[in-house]
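Here's a solo chain for you in structure tokens, the form predicted alone.
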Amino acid sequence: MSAKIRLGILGGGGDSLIGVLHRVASAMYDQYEIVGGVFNPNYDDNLAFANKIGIPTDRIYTDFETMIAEETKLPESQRMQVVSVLTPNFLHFPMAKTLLENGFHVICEKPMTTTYDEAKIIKKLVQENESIFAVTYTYTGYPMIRQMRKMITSGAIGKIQKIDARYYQGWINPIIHDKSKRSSTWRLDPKKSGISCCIGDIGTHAFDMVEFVTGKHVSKILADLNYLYDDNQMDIDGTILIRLDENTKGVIRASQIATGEENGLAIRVYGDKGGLKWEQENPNYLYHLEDGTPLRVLKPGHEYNTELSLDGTKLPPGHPEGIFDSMGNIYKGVAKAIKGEAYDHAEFPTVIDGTRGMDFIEKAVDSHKKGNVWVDIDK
């Protein structure tokens, strides 16, 4: 019998970028074996895709319900141990809930659910069942983001004074100005995507990144969102002021109409002794600023980095590591947790991060609708 963790996958078939990302990440450290799942809603397409990627078809199921029924009949030593949920947002909650109730660990794409109430139900189930639950805020797996976290939480830049998180994309710009297109994409359909498009899709990444690198919780937010058209129910741009513990302040800027932008996630944190800044499109460079000292550029793979950063570095210095490696580090951390091995709690985002992300999304929309007022994020 294989010593690898038995992994099932829901969604991610066809030409899905997310599907490729998760499959490659799961293979990166030789910790997982994909044993089956439901990649596509159409069974013939499902089988064809399994054959294409070389997965045996005996555990490729017609639908999610059949997968649960058949997998739970198998002996504990054969059934799937963990299932990755890569479906559109509205399916995350019912699938994750059923998986947890039937004893599976879960790796879930973000946002974790479509409502904060659903997220709290998932959180309760995880805690009651002592399950492993990861939410793929992928960018937390980058070695230099892990380095940034350790430097900030160890006091390398002193007391935090200012935070600036930005996530700019332009992909929805060609869609939003065409009424037929903006009425047909699932990202702008609240029944499938939840109450938010931009903040729910990418703003929540920036929010999680703020809390991850600082080790602090956002306590209050004030949001000003942009919808562009009266018939569009979903935000596609927004600016959110944030307050953290100890009255530290900052801003989260997110947009899907930043024309020409590709995947511009960036974060800057300034303390009273120095600052750190990082950009996702150039992820191997962490910039360390101090008054009266030349700018320093830290890169992965060097001995001056922390153990957490080095653990997530697979290549010698000078060899670029990217988003596949970042997701692979998250899968690696989940594997340690499933196997009962020691791991750093920064190795993968948990159900707590997913729940706080849903609270952030709802509170941002609430703040905007109430006239751009301060609202509290639950502790």
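Sequential numbering from 1, following the sequence displayed. Values in this document were obtained by computation on a predicted structure and should not be read as measured data.
One more form of this protein should be noted, the form predicted together with a further copy of the same chain, which is absent from this view; the next part is about it.
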item: Contact of A27 with a further copy of the same chain in the model of the complex (heavy atom, 4.5 Å); value: yes
item: Contact of H368 with a further copy of the same chain in the model of the complex (heavy atom, 4.5 Å); value: yes
item: In the model of the complex, R296 touching a further copy of the same chain (heavy atom, 4.5 Å); value: yes
item: Any non-hydrogen atom of T259 within 4.5 angstroms of a further copy of the same chain in the model of the complex; value: yes
item: Candidate stretches 91 to 99, 184 to 192, 266 to 274, 121 to 129 - the one whose heavy atoms come within 4.5 Å of a further copy of the same chain in the model of the complex; value: 266 to 274
item: Option touching a further copy of the same chain, based on a heavy atom within 4.5 Å in the model of the complex, out of V213, C197, A254, V106; value: A254
item: Among the candidates Y142, F207, Y137, F133, the residue which, in the model of the complex, approaches a further copy of the same chain to within 4.5 Å (heavy atoms); value: Y142
item: Heavy atom distance at most 4.5 Å to a further copy of the same chain in the model of the complex, all of T115, G158 and N232; value: no
item: Contacts with a further copy of the same chain in the model of the complex - residues in 317 to 342 whose heavy atoms fall within 4.5 Å; value: P317, G318, H319, P320, E321, G322, I323, F324, D325
item: Cα-Cα shift for E246 and H368, closer or farther in the model of the complex, minimum 3 Å; value: closer
item: In the model of the complex, whether the C-alpha atoms of W374 and E246 sit closer or farther than here (change of 3 Å or more); value: closer
